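Before any questions on how it binds or moves, here is one chain, the form predicted on its own, in structure tokens.
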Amino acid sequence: MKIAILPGDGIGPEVTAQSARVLRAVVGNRVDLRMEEAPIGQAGVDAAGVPLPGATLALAQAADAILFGAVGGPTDELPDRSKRPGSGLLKLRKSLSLFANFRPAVLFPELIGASTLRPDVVAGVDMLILRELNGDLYFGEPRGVHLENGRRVGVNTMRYSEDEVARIAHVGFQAARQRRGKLCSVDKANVLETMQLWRDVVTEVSREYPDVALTHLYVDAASMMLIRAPKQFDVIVTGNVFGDILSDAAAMLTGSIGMLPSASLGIGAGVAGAKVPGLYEPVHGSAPDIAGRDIANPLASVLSAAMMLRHSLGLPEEALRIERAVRAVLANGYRTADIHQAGTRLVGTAEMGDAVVKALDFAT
């Protein structure tokens, strides 16, 4: 099985190194994992002058799955957007038609004290935020900054076709069927015509899933309820922009954004149809301020590797072993700085990776 390793920038190489170690350890000699590394983001600019070099895209297209780190750094605000590190990831997602972004937010009981919310509010949180990944303001046209009457005007276009909405809605209903049977669609239909179309199409698709309970929330109300009563949510399906924001907010329910994995899937990558590789990455960014200091939390990347085993490589038992190993490490008191509490053992990135690898021997 071919795995494209795209560590990227900042803490990306550090956390990806640990998840790649865990992948090799959990699979052992039973599966031939062929891992090949390539630059993306600022590393791509440094190597080839662009955030997504052609060789990197070719490697990703030929892989069975992609393990991604993070992109971003000092050049994030360059006037030329095509040279910004983040554009490499956006182009990769678009090129591979990775439209369904799965972002599970699960609070490990051992981390209940790490959340900034009261234990009774967050205990038992287990939700999936499903973010549409190929449309919305991030890709809509026209866009840009131009002059009108001598003043600068910025324009971005929120755009969705009914086919794009129906596609992600089907994935949401199917995911809810495999969980607790509840789907909440988040939009802003009271203000935005694009979001009225979103609501209408999701409602139409719901007729094919009478066993799934569908509710709708405006994004402002959803933001409030995510903090006030998060345990009500099972699967949330929403657009690109709202999903980006809500999933980062949900990180604090789990104690740290360093605990949130994700999977970006397209047709065939965990979704019925022709084969494309799934992309697996921690939700956190490149965090350049802590890069190279061996203090980043690698567990989101490790849990992303578990999602890879389950969704792209057909190895659910190995995925479960990783998840059990992470739980065991937390139960044994290992903590990186972002989730450290009094009475627990503060460790660095590499030592946390060591602990997970050792715990695999007992996670059967």
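One rule holds for the numbers: they count along the sequence shown, beginning at 1. Source: prediction; values computed, not measured.
Heads up, the form predicted together with nicotinamide-adenine-dinucleotide isn't pictured, but that's what we're talking about next.
Checking Ala306, Ala296, Ile66, Val26 for any heavy atom within 4.5 Å of nicotinamide-adenine-dinucleotide in the predicted bound form turns up a single hit: Ala296. Between nicotinamide-adenine-dinucleotide and the residues Met127, Val237, Val165, Val71, the one pair within 4.5 Å by heavy atoms in the predicted bound form involves Val71.
In the predicted bound form, Ile290 approaches nicotinamide-adenine-dinucleotide with a heavy atom inside 4.5 Å.
At a distance threshold of 4.5 angstroms between non-hydrogen atoms, Ile11 is in contact with nicotinamide-adenine-dinucleotide in the predicted bound form. In the predicted bound form, nicotinamide-adenine-dinucleotide sits within 4.5 Å of a heavy atom of Ser286.
In the predicted bound form, nicotinamide-adenine-dinucleotide sits beyond 4.5 Å of every heavy atom of Gly266. Comparing 326 to 334, 296 to 304, 309 to 317, 49 to 57 against nicotinamide-adenine-dinucleotide in the predicted bound form, the single stretch with non-hydrogen atoms within 4.5 angstroms of it is 296 to 304. Taking nicotinamide-adenine-dinucleotide as it sits in the predicted bound form, the stretch 134 to 164 never comes within 4.5 angstroms of it through any non-hydrogen atom.
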